[in-house]
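Here we start with a single chain on its own, the form predicted on its own, put down as structure tokens.
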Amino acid sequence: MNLLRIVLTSLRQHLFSSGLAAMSIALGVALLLAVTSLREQAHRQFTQVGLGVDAVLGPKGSPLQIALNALYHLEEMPGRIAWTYYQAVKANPMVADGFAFITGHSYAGYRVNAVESRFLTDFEYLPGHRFSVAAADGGSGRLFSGKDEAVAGAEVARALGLQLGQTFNPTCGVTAGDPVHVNDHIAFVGILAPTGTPHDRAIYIPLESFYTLEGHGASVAAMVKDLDHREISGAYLKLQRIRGDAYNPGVTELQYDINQSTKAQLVMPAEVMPRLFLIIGWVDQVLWAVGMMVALLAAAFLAFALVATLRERRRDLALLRALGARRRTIFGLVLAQALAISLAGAVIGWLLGHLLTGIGCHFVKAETGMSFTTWYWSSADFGLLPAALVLGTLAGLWPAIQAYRLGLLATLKPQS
């Protein structure tokens, strides 16, 4: 009987304890893998080229709050900025382009943002990618052209089952219980093709529509034509770049001048978003530590299970010695058993970890619109096999040494 058959026979004879040890390892591996995968995907998504935005021109307030509102449709904008100031910033030589927007409205839990019409035709949400309603791309209908028309993101349309021509009444606010514009009926004339970004979770209406919504008052309604008093929530800015895709040195001066003023601030997503991970980073660190503790406890449990198995099979191992098996063969037999259980746990944990990642992806997309993938290969995936081998070796080392030291005569001595 070769070594492999002996190992398999032993595992089959002790199926319950071996399976329990493998599942313990699987749970630790699954938690570690899921946490690592979601953390790496979140970091990659939340820092990816600012979602086509080099900077956000916003009101004075928390830069992180402004970035989350402008880019991810979370939080609320802390104020307004003057249209004339935005136009002055847009005319600066360091600004390549700008797109004004107004936030603060919603429908059925999704944000309704008022944007300049050219936002849907000229804005690149990712380098080289623009919004589309073409059926070939997965969209439908057309872009809005009137003040009572709207375009929905792909995720909004899917979740609400929207149909072209369907009307809705926007809510003046983003929380439950906020007043509804009951006399403003806006029709969906287009559904954007999926982008895989938070833009899929927003509804877009013309900028001018915001000012004419009933209930905003005469002073706001006058902003349609009174540009000197018009206000917006902010603007997406594309900045001038030089060779190597680096920002023009003049951008730093522009940012300083704007931030020193009392009218607005220039928020650079690439600078602000990493702070989010400094704030919430302790969460995944705690989960990662819990997963590591589970894995280590599983290794300890495996070691105890192997020791218990060794005590039951002392005479079997002694008989193998009597039949000519060497000490190192017995050592390798026990160690191979530990490695087999550890690898089995790692495989089960890998599958379970990606299942947990898939569940996490669903909730992340539901809350933020970010598209994560279940089968993303994180650093944990690449380190899984070496870690399983090390874990199995550590767990089986002491039982293997015990088997190596097994006394032949004392073990085979007849028992009364």
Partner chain sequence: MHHLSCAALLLGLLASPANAEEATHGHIAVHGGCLNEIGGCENGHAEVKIEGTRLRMWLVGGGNNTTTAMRVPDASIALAITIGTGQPPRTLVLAAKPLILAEETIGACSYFEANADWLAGVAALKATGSVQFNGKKADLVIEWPHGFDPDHDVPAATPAAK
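Computed from a predicted model, the values in this text were never measured in an experiment. Residue numbers count along the first chain shown, from 1.
There is another form of the same protein, the form predicted in complex with its partner chain; it is not shown, and what comes next is about it.
Within this chain, residue 301 is remote from the site of its partner chain in the predicted bound form, having no heavy atom within 4.5 Å. For residue 191, no non-hydrogen atom is located within 4.5 Å of its partner chain in the predicted bound form, even though that partner is not displayed. In the predicted bound form, its partner chain sits within 4.5 Å of a heavy atom belonging to residue 260. Using a 4.5 angstroms limit between non-hydrogen atoms, residue 135 is distant from its partner chain in the predicted bound form. The stretch that touches its partner chain in the predicted bound form, counting heavy atoms within 4.5 Å, is 89-97, out of 104-112, 335-343, 89-97, 226-234.
In summary, among the residues 271, 253, 124, 76, the only one with a non-hydrogen atom within 4.5 Å of its partner chain in the predicted bound form is 253.
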